[in-house]
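Only one chain is shown below, in structure tokens, and it's the form predicted on its own.
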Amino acid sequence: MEIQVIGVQGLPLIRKGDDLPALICDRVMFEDGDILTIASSVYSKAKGFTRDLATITPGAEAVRIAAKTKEDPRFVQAVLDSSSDILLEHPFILSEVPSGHIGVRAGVDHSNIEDGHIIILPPDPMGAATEVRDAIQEITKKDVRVIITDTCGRSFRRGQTGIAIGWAGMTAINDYRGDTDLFGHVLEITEEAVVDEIAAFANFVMGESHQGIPAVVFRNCRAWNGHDAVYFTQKEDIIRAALKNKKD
């Protein structure tokens, strides 16, 4: 299998109201089965999921946590506003957002945006991926799979990597359970998080600073079968339980 990876070049700085799918389609000749990855930051900017720090008044909880993290209390308030649960307050805020994703500072970011403004994650990343997929199909008549990506740290390892927070046209997990390996052994636990693997490579192409490539196309990726239960339930997630116990 030979996979072609295409960074979408020449996109302008995205602003609220821009038709992001149309701008991408102007620069890519899509084929059926392509996988388009889009940085959540540019999707959020196009949809206006940004905030002006000057308009945010921090509450007592934000002020208390900001004293620990040494961050702007207004920024911390934005993180709290975006979070459905706080797992860790210090040395950084680790929180869950309504979609189920758990990340540092709820994914709230002040990079790649004007001073004094912040970007928040799409509130419905799965819906965002479906919306982009439908728009591309309307424009091009091609069946394109879509992943909305974000960058995230990992337990036990230094450095950030790309992950999928929303996807459409495919399952998140390639479920190998019940299949056999090269020696005929039945696989019992193997579930491959394919959308995260693709998002991670997309992040490598996008870069983390001034590269200006917020969308990447993967061509000739095979299809797979599986499911979308990428997030552990609270009962299954032993790391979450340990963090909550420590906090309490």
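When you see a residue number, it is the position in the sequence shown, counting from 1. Quick caveat, the model's predicted, so the values are computed rather than measured.
Keep in mind that the form predicted together with guanosine-5'-diphosphate is not shown, yet the notes after this line are about it.
Legend entry - Check all three, 11, 45 and 214, heavy atom within 4.5 Å of guanosine-5'-diphosphate in the predicted complex: Answer is yes for this spot.
Inset, instruction - Have a look at 108 to 116, 73 to 81, 89 to 97, 173 to 181 and name the one stretch with heavy atoms inside 4.5 Å of guanosine-5'-diphosphate in the predicted complex. - result: The contacting stretch here is 108 to 116.
Inset, instruction - Spell out, yes or no, whether the shortest heavy atom distance between residue 208 and guanosine-5'-diphosphate in the predicted complex is within 4.5 Å. - result: So residue 208 counts as contacting guanosine-5'-diphosphate.
Inset, instruction - State yes or no: in the predicted complex, is some non-hydrogen atom of residue 39 no more than 4.5 angstroms from a non-hydrogen atom of guanosine-5'-diphosphate? - result: Yes - in the predicted complex, heavy atoms of residue 39 and guanosine-5'-diphosphate come within 4.5 Å of each other.
Inset, instruction - Examine residue 131 and determine whether its closest non-hydrogen atom to guanosine-5'-diphosphate in the predicted complex is within 4.5 angstroms. - result: No, no contact at 4.5 Å.
Legend entry - guanosine-5'-diphosphate contact in the predicted complex: residue 151, any heavy atom under 4.5 Å: Contact check for residue 151: yes, within 4.5 Å of guanosine-5'-diphosphate in the predicted complex.
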